[in-house]
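Just one chain is shown here, as structure tokens, and it is the form predicted alone.
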């Protein structure tokens, strides 16, 4: 599917008007399948527990997730691959997919490659290497604050691990022509040549384990819908190299504080950043958070609110472990017995609590930073 036909979502831009009703359409246009109740139940049964990202429909689409689960049941197993382009400070929208990835790793005790695509930001955002170096380390520590298993987590930094990536990336690149890149990504003749090559590098972790071990092991990629075009191309090319198509499980975005689209690093008032103080969190939530409530307290008491479009509730349902509490808040808010200000206050406090815990764990991750860094030998050893 050509992104020239649909500019709601590309790997680099997301329309501010993107709403909940657009996701099914975009997944269909990209050729991804929806996660139905049978597939969700199968995943949770194998995982030994439920997850709010699945129950609440945040991870909503997939490519060959069923095949990854088949390989798990047959004893072949799979490994996980996800990533981050380090362009600036991280916010909750960046972190939530990593929370789901951590659940997958813990549930299935599998290896995980986290690709840090600093080269992408150099090529697409014109950031300089000195700036990228510090942002990269900061972002990695933010990710590791979630408590990934150091034995099974491998941080692959494009600019540092080029010897691993380049030769394999060239193998992919030989099967991607300029016409395809223009059709899928909307590139123009004026774009730098590095942009055309980047997808080849992003494809490598999807078959890296199979390449190093000399036998096919399926890769499962948790990612947001905007990254799907990259992996659609990967799925077309990898069988030509003798590797399995990667499976994927695809998420929606955490919307902007102001509603629609997604949080943006360039707009500090569009999201909750991981270094925001409790005072800043409360101010942003109270002032900017899009509400599903009514215009007046009287109307809300009478008619209730719509939690499904409410920013505060949509964050709360993902960061609150006690889903009984979540159901109770939904009922109270929908019925009108809870007002928007009360919900915002509760959620601001909960977010600040989560951020405080992450900052403590970040200090621990700082001490163990080197243990997570990728090496071919360490990756091979982790599969023995």
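Positions refer to the first chain, counted from 1. In this text, all values refer to a predicted model and were calculated from it rather than measured experimentally.
Quick note: we don't show the form predicted in complex with another copy of the chain, though the next part is all about it.
- Heavy atoms of residue 167 reach within 4.5 Å of another copy of the chain in the model of the complex, making it an interface residue.
- Among heavy atoms of residue 191, some come within 4.5 Å of another copy of the chain in the model of the complex.
- Residue contact with another copy of the chain in the model of the complex: residue 287 places no heavy atom within 4.5 Å of it.
- When another copy of the chain is considered in the model of the complex, residue 177 lines it closely, a heavy atom lying within 4.5 Å.
- Think of it this way: in the model of the complex, another copy of the chain has a heavy atom of just one of 123, 280, 183, 135 within 4.5 Å, and the residue is 123.
- Though another copy of the chain is absent from this view, in the model of the complex it lies within 4.5 Å of a heavy atom of just one residue from 228, 310, 158, 142, which is 158.
- Stretch-level contact check against another copy of the chain in the model of the complex with heavy atoms at 4.5 Å: of 218-226, 288-296, 76-84, 125-133, the positive one is 125-133.
- The candidate spot formed by 32, 34 and 60 lies out of contact with another copy of the chain in the model of the complex, as no residue has a heavy atom within 4.5 Å of it.
- Using a 4.5 Å cut-off on any heavy atom, none of the residues of 278-308 reaches another copy of the chain in the model of the complex.
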